[in-house]
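One chain comes next, on its own, written as structure tokens: the form predicted on its own.
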Amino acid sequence: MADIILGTALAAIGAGVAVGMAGLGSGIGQGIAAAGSVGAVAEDPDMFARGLIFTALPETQAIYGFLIAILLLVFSGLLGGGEGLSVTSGLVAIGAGAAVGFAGLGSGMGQGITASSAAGAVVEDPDMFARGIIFTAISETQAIYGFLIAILLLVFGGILG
């Protein structure tokens, strides 16, 4: 019985790491993007809507972390009747949370930097908007890798399934 309780507690840590680190990256990235967008709007008030778009892009990392955290909470039994997890599964849960959390941390900050620069570029040349979105989206690939690895860990680690 202690094995199941410890495994479930480890899953709670994994969920916290997933949403905490990914949310931290998104928050920092959005702050950086918002700072650049505010400067762009000060130069050109018509940049407001485009600045909001650039500011919102780093939010996706937090969403990935949130989704993994919810899966961990549900399938570990923390949000409902489940049997709990073994220690081995709990360690897999920490790995899944770390994969999406740390990937989201770096990706969110990088995406914010790119979005901030893109907002400034669009002020200079409005035709840069679509290209700025593309450059900003490229920074997201690391978060997607972390999210996919987290899902694979949950499936092949026996937590989902």
Partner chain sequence: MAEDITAIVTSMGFPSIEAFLAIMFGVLAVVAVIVVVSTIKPVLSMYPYTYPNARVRARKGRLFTEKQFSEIIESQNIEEVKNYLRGFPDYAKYIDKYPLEKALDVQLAETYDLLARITPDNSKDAFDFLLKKWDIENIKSIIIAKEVGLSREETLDLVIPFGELSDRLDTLIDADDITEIISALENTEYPQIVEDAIPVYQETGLLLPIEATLDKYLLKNLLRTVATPEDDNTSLLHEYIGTIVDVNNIKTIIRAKSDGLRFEDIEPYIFSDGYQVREWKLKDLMESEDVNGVISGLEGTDYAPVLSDSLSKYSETGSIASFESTLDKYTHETANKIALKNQFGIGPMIGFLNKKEKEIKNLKIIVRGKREQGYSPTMIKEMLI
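Positions refer to the first chain, counted from 1. In this text, all values refer to a predicted model and were calculated from it rather than measured experimentally.
Here the subject shifts to the form predicted together with its partner chain, a form of this protein not shown in this document.
Interface residue among I70, V38, A56, I134 relative to its partner chain in the predicted complex, by the heavy atom within 4.5 Å criterion: V38.
Residue contact with its partner chain in the predicted complex: L153 places no heavy atom within 4.5 Å of it. Contact annotation: A15 falls outside 4.5 Å of its partner chain in the predicted complex, judged by heavy atom distances. Its partner chain is not shown here, and in the predicted complex it never comes within 4.5 Å of any heavy atom of L78. Mapping the unseen interface onto this chain, V19 falls outside it, with no heavy atom inside 4.5 Å of its partner chain in the predicted complex. If you check its partner chain in the predicted complex, you find no heavy atom from any of E83, A103 and I144 within 4.5 Å. Counting a residue when any of its non-hydrogen atoms is within 4.5 Å of its partner chain in the predicted complex, the hits in 85 to 113 run V87, T88, L91, I94, F102, L105, M109, I113.
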